[in-house]
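First, one chain by itself in structure tokens, the form predicted alone.
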């Protein structure tokens, strides 16, 4: 008997239809509509489909992601072999990452969507959905955490980024887990599972803004954010994690009040920690009480910091900043 795979639809371009009386398209198709458009799914799994929402991806917030994580746990407890999440692509890298921080079970959770809506020639949603279900049903995709299947590439949620506004190959990661080969996942990497969070229900969302200084940009927003109630700050800085000297005093003062994390606006490579000793370099920032985000870009560092604050453990940031494969001889087990 084929394994059971549940599709949980959130909306997005993959579910868009012409908006009557308005220009363009908007989410309107259901999960059942998406399944009906891909009859080849029946050969892979017994499919269930439901909508948790039907929204543009920028309307997705953490409360909806927490509800989604609970729905995924319920499906795993009910014996599903895997879950596929369909949503808008604009926030896939954030949604998939948060789900990966919450999902502890071995069941595959696969996130996908589309860059071209179903009413355009060459719509990519059906192919992406077929690939996602194939991954969700595949035993070799168990114990990978949350993955993103898009344009026949299989990305780890910890690394995936959207890097183009319109290309069907918009999603990128430095080391994909594998590719689709003749309709089946072919895996070439199996990274270790990382630490996770257990977020209490109804916990208030902390305000953690991202600041991205440009040339001659004064540090006025640092105090403005703190005055507005920021529980932490994330900085999207130049290069390996560098900032103009005019920012140093406000940032050091902020770091005495709330966690202040710096990442790299390049969105590639690890934030440095011991290379540049100049004023405003990463060594200077660390000495002033700021924390580096390691392998995390600003979007992901912000989400980790928010969940850490929500669980009352802001010191756990360091449990999530190193995404490399650990040395089993020297690395202690990560906390659950």
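Owing to the predicted nature of the structure, the values given are computational and were not obtained by experimental measurement. Residue numbers count along the first chain shown, from 1.
The next section is about a form of this same protein that is not shown, the form predicted in complex with a small molecule.
Here the chain stands by itself, but in the predicted bound form one stretch of 219-227, 193-201, 108-116, 93-101, 108-116, has heavy atoms within 4.5 Å of the small molecule. Not displayed here, the small molecule is kept clear of residue 161 by more than 4.5 Å at the level of heavy atoms in the predicted bound form. At the 4.5 Å threshold, heavy atoms of residue 259 stay clear of the small molecule in the predicted bound form, well away from it. Heavy atoms of residue 240 never reach within 4.5 Å of the small molecule in the predicted bound form, leaving it off the interface. Under a 4.5 angstroms non-hydrogen atom cutoff, the small molecule in the predicted bound form has residue 89 among its neighbouring residues.
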